[in-house]
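The chain below stands alone, shown as structure tokens; this is the form predicted on its own.
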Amino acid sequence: MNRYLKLLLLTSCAGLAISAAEAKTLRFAESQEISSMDPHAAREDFTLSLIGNVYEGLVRWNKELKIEPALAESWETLSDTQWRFHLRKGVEFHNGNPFTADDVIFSYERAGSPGSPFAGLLEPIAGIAKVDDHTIDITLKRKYALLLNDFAGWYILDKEFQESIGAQKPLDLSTNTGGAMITQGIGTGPFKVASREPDVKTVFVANEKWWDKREHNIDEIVYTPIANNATRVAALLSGEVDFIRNAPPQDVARVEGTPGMQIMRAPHLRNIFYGMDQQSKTLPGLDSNPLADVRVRKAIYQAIDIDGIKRSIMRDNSRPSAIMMAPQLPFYDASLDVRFPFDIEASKALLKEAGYADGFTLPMDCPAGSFINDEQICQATVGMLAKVGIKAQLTMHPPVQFDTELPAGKYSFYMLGWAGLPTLDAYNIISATFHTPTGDLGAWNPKGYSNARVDELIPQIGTEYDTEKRQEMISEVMKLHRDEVGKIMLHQQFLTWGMSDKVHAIVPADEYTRFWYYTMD
């Protein structure tokens, strides 16, 4: 080999070494697994947060949680019930296919199909018509105030790719029907799916042809699910991973005190609560349904030592709440956020008054890993209820199973959390969890709370543009729900993200990991 060729090879190898050294890989771990690569399969925030880096909507939330254009460059209203969207030109899917109006219409029909978890989100839409390849007209069933908010949580898929893998309908996570999207996904977003081994590892790589200006310097994201809290924290402290969401409260001080580590904090929009079957005539194992009685619901509420949970389990990283709205949301009414006091004797008196002086047996179902310290809170609740004679029989479920069985009405008393995502508005909360289950409304309130006045106000809230009128109606709904103990409210979560100090991240109140804003040293 001549000297010139040797020099050329050495130079090339050195260049490759420098390139490899400069590559930025973010190693990320969380307690749960990504349910699939299908953005229409479940309204499950953790999965949507991650794959929101792969897929995009017509609009998006930016780092300040303000709506901005994404796959739609601009839009205008033609009437109270007609909108025109001008789609961004020159955008390609990760496989090179051009993004057009056909993909938007396909994604609407797919996500809005009967049985889809997103049918409720898209319910106000009567239809979408193609004007040309980069213009669409959207007709609404009625005047609707939150169309853009909803569109930030509805992701657009490549029609041709979906048809090629036989995934024209959302993946059924209960049976994995149409299972190609367990591991495959093609979007337009800043990161592409490089490889995926469910329950082991998912790798994303930067989309070098992304239409937007690149602010991040991440070349690769490696996600590893680590269910055990102690193991996940150990992986962070040892340098095995760079970033964990929601460091367990009991480990926050240790992470923060470790050289080279940091904790980034922010309030979360999500409130945690217990929902319950208030409609069935009987509960499993009983000849009645105690939960149908507001006195029993209030007794359960007052038997729960929420300050004890905050102190001992959440390590002060929570805020006890009385209504299902975080202070960071528009239309929050602080005057309503006043809890019934923790009072064992009052709880016993209410149970006696309702005819359950000796208590009763209560089936209880909770997710394992969906919310911060969910299992510990549920276990603590079992002990608290036992003090007033209620014998809670706790069953923990994997998040995917839980998110499938809960809306199907299989649970009598269950833990759930709601943040108003993706719309960041009270209407999302109340239409999904307060409304009597009817069609697309009340999907996450199976056999639950029902009030005719609340049902009357909810659609009006969705269509009202006047902020004062909207505030009056939202406050009325929240007060009715609070006073009738529609849910057993617990607390608002705080975000405590643990990471290496070489990671520069944003911690938004909706908990979404928008990696296109991240950088690494």
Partner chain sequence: MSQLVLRLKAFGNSELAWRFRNSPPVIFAAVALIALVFCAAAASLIAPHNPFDPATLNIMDARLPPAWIDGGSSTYLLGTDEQGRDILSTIFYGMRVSILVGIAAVAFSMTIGVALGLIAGYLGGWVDTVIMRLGDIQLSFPTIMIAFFIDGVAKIVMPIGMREEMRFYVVILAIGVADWVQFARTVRAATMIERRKDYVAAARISEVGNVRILLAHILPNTIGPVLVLATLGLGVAILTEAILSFLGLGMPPSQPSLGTLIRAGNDLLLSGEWWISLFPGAALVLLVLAVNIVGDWLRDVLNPRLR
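Remember, predicted model here, so these are calculated numbers, not experimental data. Numbering follows the first chain given and starts at 1.
Keep in mind that the form predicted in complex with the partner chain is not shown, yet the notes after this line are about it.
Asks: When the partner chain is placed as it is in the predicted complex, which of 327-335, 395-403, 139-147, 99-107 ends up with heavy atoms within 4.5 Å of it?
Replies: That would be 395-403.
Asks: Looking at the partner-bound form in the predicted complex, is L362 within 4.5 Å of the partner chain by any heavy atom?
Replies: L362: no, not in contact with the partner chain in the predicted complex.
Asks: Indicate whether the partner chain has at least one heavy atom within 4.5 Å of a heavy atom of D305 in the predicted complex.
Replies: Judged by the heavy-atom cut-off of 4.5 Å, D305 is in contact with the partner chain in the predicted complex.
Asks: With heavy atoms only and a cut-off of 4.5 Å, decide whether Q184 touches the partner chain in the predicted complex.
Replies: Contact with the partner chain, no.
Asks: Please tell me whether any heavy atom belonging to W83 falls inside 4.5 Å of a heavy atom of the partner chain, as the geometry stands in the predicted complex.
Replies: No.
Asks: Exactly one residue in S347, N271, N229, N207 has a non-hydrogen atom within 4.5 Å of the partner chain in the predicted complex; which is it?
Replies: After the contact test, the surviving option is N229.
Asks: Find the only residue in I323, V233, A72, L424 having a heavy atom within 4.5 Å of the partner chain in the predicted complex.
Replies: Exactly one listed residue reaches within 4.5 Å, namely V233.
Asks: Determine the residues of 299-333 with a heavy atom within 4.5 Å of the partner chain in the predicted complex and present them in sequence order; the list may be empty.
Replies: Residues within 4.5 Å: D305, G308, I309, R311, S312, I313, R315.
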